[in-house]
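Heads up, the chain below is alone and in the form predicted on its own; it's given as structure tokens.
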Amino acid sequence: MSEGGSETARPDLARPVPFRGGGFRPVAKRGAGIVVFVVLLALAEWGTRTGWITNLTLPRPSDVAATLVELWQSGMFWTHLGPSLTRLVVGSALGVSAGIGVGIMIGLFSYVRAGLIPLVAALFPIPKIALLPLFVIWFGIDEGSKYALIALGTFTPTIVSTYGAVDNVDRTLVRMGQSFGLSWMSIVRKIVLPGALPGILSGLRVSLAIGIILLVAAEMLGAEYGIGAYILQAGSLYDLERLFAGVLILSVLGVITSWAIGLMEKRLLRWRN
């Protein structure tokens, strides 16, 4: 009886168990974001054509697209976008690289943490746009003040996200490395920095978004060319098609930046899968 019962139980025991190791790992749904954009654009086009939305409130998306085509054909697209990309890349590179370095030092060294965290806490809440006139006095109205504004704007959030990511590294892994006799530098290089990298990259998204915002503010003061200058000119003429075309360019720039960071995460964080 017991033998027969055990034999009948064997097929149940042999049933495959589905793999659950993925946990709450997000699953990519391709095309979902594009569908949302298309639906919103279709609603805006329908609303402006039927009169539910006045042209003084929102221009037709088709007119904005025509403005972008005209901007491209006239050659003014790269005339404005080129200087903006240069300012964003140079300013963000300075601010992010310095912010990551200082953030790692704060996370690793107690004296640096004690000395710099009060300074970072004092600088972080200051609206960086309010410092633009000061930067113009210090660095002039040309490119130096724009680089400095973007660099400072990306510097402080990068510090906060970096030392927070270092603090969140699992201390059990650090103790394990110590128990295996790893040197301090080996623990930092093989445990701390890889463990902090997800938080650093997440903070990078926020820092670069702030950089784009400050780019527009900097170009609205004393810049002949640039997306911010283009938007300011369109706003002064109440040309909504051109204004929304400039805003759309900035939005696409933000999407491309986020996509690039996503590629970096896939390449650098393969060990999480």
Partner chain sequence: ANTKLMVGALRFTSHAASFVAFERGYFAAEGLDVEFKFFQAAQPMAVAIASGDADYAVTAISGGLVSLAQKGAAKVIGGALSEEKGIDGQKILASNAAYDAGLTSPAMLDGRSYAISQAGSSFHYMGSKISAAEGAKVNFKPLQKVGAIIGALKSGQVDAWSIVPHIAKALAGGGAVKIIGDVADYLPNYQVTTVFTSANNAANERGQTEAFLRAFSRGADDFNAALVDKTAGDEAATEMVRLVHKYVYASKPFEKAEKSIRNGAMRINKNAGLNMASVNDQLNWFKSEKLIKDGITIDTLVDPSYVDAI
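Every value quoted in this text rests on a predicted model; they were computed, and no experiment measured them. Numbering follows the first chain given and starts at 1.
The same protein also has a form predicted together with the partner chain, omitted here; what follows describes it.
Across the proposed site, Ile137, Gln233 and Leu237 without exception bring a heavy atom within 4.5 Å of the partner chain in the predicted bound form.
When contacts are judged by a 4.5 Å heavy atom cut-off, Glu241 counts as touching the partner chain in the predicted bound form. Ala223 belongs to the set of residues with a heavy atom inside 4.5 Å of the partner chain in the predicted bound form. Taking non-hydrogen atoms only, Asn55 approaches the partner chain to within 4.5 angstroms in the predicted bound form. Within this chain, Gly82 is remote from the site of the partner chain in the predicted bound form, having no heavy atom within 4.5 Å.
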